[in-house]
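You are given C-alpha cells for the same protein chain in two forms, set apart as structure 1 and structure 2.
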Structure 1
C-alpha cells in the first residue's frame, strides 16, 4: 500500500459492496437475463467481476437464498430458482414469532383463503383434484383416532381443497401459514378428539364438503365451510376453558402457551 491508491473504481456507478451486489443480481433477475434454472458464475469469478470480495458476494447470495431467489448447492454451484412457499413459511415464522396474538389471528387468513379456494374449486377442479380430495378424505377416516396423524390428515384434506382451487397464489399463501396453523392446532386436536361423537362429525362434515365440490355447488360448499370453521372454533374455545365436553380423563389443560403479556403494540 504505497502512496498510490485509485486504481480500480469500476463499481463506482452507484452502490458498491453488498448492496450493490444485491442490486445487480436483482436487476439481472428482473430483466430476465437470469432465468430459473440458470447457473451463476462460480463465486470466485463472479466476485472478481463485480469487484467485491468473495465474502461479500457470499453474503448477498445467502440473503437471496433466504428468500428463495437462488439455490446454493455445495459442490455444484448457485442456480437461479423461483421463490417458493417454503420461503414464505420461513418468513412468517420469524414475522410472527414476536407477536403471539397473531397466532390465533392466522385462522382468519386460513378462512379467507379456503373460502375463496373452495369457490374456485367448484368451478375449476378436475379429476385429479377429486381424486386427491377423496384420498385425503380416506386418510381422515383412517387416522380418526390418532390425534397427531388425524390432525395431519385433516390439514392435508384442506390443503387439497385449496389446491383444487387452482390458484398458485392462494396455494402459496396457504402453505406459508401452514406451519403456523400446525403450531396452534395440532395440540388442541388431542382435546377435541375426545369429545363424544366428534369423530363421526369430522368424517361426515369433510365428506359433505367433498361432495359439494364434486357437485360443483359453490353455495353449499361455502356454507359448509363456514359451519366447519364455526364449529371448529367453538370446539377449540370450549377446549380452551375447560376440558371441553364431558370426560377428559386428564385435565391436561396446561394453560396453552399464551404467556403473551408483553404486548408491545408498535404501530407505525
Structure 2
C-alpha cells in the first residue's frame, strides 16, 4: 500500500485537482497497479490520498465515466473499465469534420495504417483472418454494381486486412476514423462506378491482395497495396474528368436552348 501512495504522490505532483485525478488513473493503469474491473478506493480515502476535495474527485470521475474509462456504480463504487473505441471515433469525427480537405488527410492516415498492417498480416494472420478476408472479397464481387453496398463491402475488406495484422493499436486507430473513411469509400464509389474498367479492377486487385496475404508474401502484398491506392486515385481523376466534361456539355446545351429562345423572341 505504501508503494501505491508513492506512485500517486509522485505522478500527481504539480498538477491541478482534476488533472491530478486523471494523471493518477492513467499512471496506475500504465504501471499495472490498476486493471479493467478493479474497484477504486472509496471516495473519502481516494480524495485524501490525491489531496483533492471530494467535489473535485466526483467531477473528475464523472468526466472519466463519460469517456468510458470508469463506471460509477451506486452502492458498489467506481470500477475501472475499458473505453469503447467508438467514443474515440466520435471525437475524431467532430474534431476533424471542421477541417478543410479532411478526407484527403484521413486517406493519408489510412494508407499509413494499412501498409504497416498488411505486413503484419502476412506474418500473423490465422485461418480465421483468411476466412474473414475471403468473405469480404465475396461481398465485393456480389455488390460490385451497387455503389452503396459496394462501398460498404470495400471498407469491410480493408478493415479485415487491418484486423488480420493483429495489432490492437492499429486496429483502434483505424476504428477511430472508421466513420470518416466510410464516407470516403461511399463518395469515391459513387464517383468511379461508371468509369470503364473499374469493376475488373475492384475485383481483381482485392483478390490479388488477398492471395498475397495468404501466401505470406509481405513484399508483394505491400507493393500491391501501393498500386491499389495509386490506381484508385487514377480512376477518381478519370471520374472527375468525366464529370467535368458532362457538366460542360450540359452547360453548352442550356446555352444553346437559351440562345434559341432569344432568337425566336426577336423573330416575333
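Numbering follows the first chain given and starts at 1. All of these numbers come straight from a predicted model, not from anything done at the bench. Note that the rigid core is defined as the largest set of C-alphas that superpose within 1.5 Å between two forms.
Colleague: I need to confirm something. Of structure 1 and structure 2, which is the form predicted in complex with the DNA?
Modeller: The form predicted in complex with the DNA is shown as structure 1.
Colleague: For residue 212, is the C-alpha shift between structures 1 and 2 2 Å or more after core superposition?
Modeller: Stays below the 2 Å threshold, so no.
Colleague: On a core-based superposition, does residue 223 travel 2 Å or more at its Cα between structures 1 and 2?
Modeller: Residue 223: C-alpha displaced by less than 2 Å between structures 1 and 2.
Colleague: Verify the C-alpha shift of residue 203 between structures 1 and 2: is it 2 Å or more after superposing the core?
Modeller: Comparing the forms between structures 1 and 2, which are aligned on their rigid core, residue 203 does not shift its C-alpha by 2 Å or more.
Colleague: Rigid core superposed, I'd like the Cα shift of residue 29 between structures 1 and 2 in Å.
Modeller: The alpha-carbon displacement, core-superposed, is 6.8 Å.
Colleague: After superposing on the rigid core, how much does the Cα of residue 43 shift between structures 1 and 2, in Å?
Modeller: Reported C-alpha shift between structures 1 and 2: 12.1 Å at residue 43.
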